[in-house]
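For reference, the chain that follows is the form predicted alone, supplied as structure tokens.
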């Protein structure tokens, strides 16, 4: 029995280390521009390179394994390259693309690497349906899931990334769309640096240190993202530092240590977002007066907003802790909402104070804050607090056409059924 067991173990070990006979690099070299190189299922160890416009198409079970510290696949000085349906692994980077005009990466599985995809000096790049799974090591020992440097016209869409340093890192890029990705258990979900004309749409960021980190970037739209459970000591749902011209709308921002933090930024419009159960929902430091938070819903947050002396504008938001009345019957409270909270400021400095939330003494202190700060006209005052939550999600809106058609069909069926009975 022991001999049989050793034989089985030997067979299993060898099956994991046998590589396919197909000469992949020779096939790449022999392909003419525009051709598809079909890669049979199997494990291919090496450092492969593409320098011509071709498609690399794998089968189920096709895997490229990078040797030593070099990338498993390099794509350089070419155009119109597609790589699809392949698994990649190795010690360093899975894919490095340099000076490429027209690159599509799709349906790739990347595992056991330092960095998943590294793009530089390229344009017209689309990365979609790529899964990157990092290791359990500390963030400092890991690379990024997808990283793009000094490029333009980039689309990163529908990817799943977990346990890396930054899920999606974008630096010095013009015109980039990051949409419908899911990034979890990483340092930053998406990290924009020195970038312009950027969009982050319909992404999901969960359990990272910070969901969206945006630094030294101009003209950015953050819309319809779900940013939740960033609760470490330095955890933020979104952090904008030295950012100009940003619009943050229709996002769900919940259960973060700080929902949205603005630092040294200007012309930021925060509108129609749902801030739910954050320790601090909105925070501003050295923010210009042209920054506005309007038509948002603030529910279940311990501290709604805080800022330095510069403050920012609150306009027509809904606050679940507002207790004013509406004698004018216009949907807005007759007295201003004051976001200043002494207890909230203490609680932010000493999180253990959160256990006293809703205690009689804290309720009394908050009431005193509201009375004392009514005369303050410049900081964290909303003069038109909304009394009803604003429906911020298009998906929740009732489709009137569908409802009327459904009602018509229902009534018609009832009429026909009744007529059939009476006849």
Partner chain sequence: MKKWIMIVMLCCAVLMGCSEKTYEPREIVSETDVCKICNMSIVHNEYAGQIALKNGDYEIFDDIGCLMEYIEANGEDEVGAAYIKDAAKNEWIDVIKAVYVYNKDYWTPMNYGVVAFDTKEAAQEWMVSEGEGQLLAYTDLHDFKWGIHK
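All of these numbers come straight from a predicted model, not from anything done at the bench. Numbering follows the first chain given and starts at 1.
From this point on, the text means the form predicted together with its partner chain, which you will not see here.
> Suppose contact means a heavy atom within 4.5 Å; in the model of the complex, does that hold for all of 229, 275 and 312 with its partner chain?
Not a single listed residue reaches its partner chain in the model of the complex, so no.
> Which pick from 111, 91, 163, 150 sits with a heavy atom within 4.5 Å of its partner chain in the model of the complex?
Here the answer is residue option 150.
> Report the residue, out of 206, 201, 133, 216, that has at least one non-hydrogen atom within 4.5 angstroms of its partner chain in the model of the complex.
Residue within 4.5 Å of the partner: 216.
> Counting only non-hydrogen atoms, choose the one of 313 to 321, 187 to 195, 95 to 103, 152 to 160 that falls within 4.5 Å of its partner chain in the model of the complex.
Result of the contact check: 187 to 195.
> Is residue 138 close enough to touch its partner chain in the model of the complex, meaning at least one heavy atom pair within 4.5 Å?
Output for residue 138 is yes: heavy atoms within 4.5 Å of its partner chain.
> At the 4.5 Å heavy atom threshold, is residue 239 in contact with its partner chain in the model of the complex?
Because a heavy atom of residue 239 falls inside 4.5 Å of its partner chain in the model of the complex, the answer is yes.
> Quick check on residue 263: any heavy atom within 4.5 Å of its partner chain in the model of the complex?
Yes, residue 263 is a contact residue.
> Residue 234: heavy atom within 4.5 Å of its partner chain in the model of the complex?
Looking in the model of the complex, residue contacts with its partner chain include residue 234, since a heavy atom lies within 4.5 Å.
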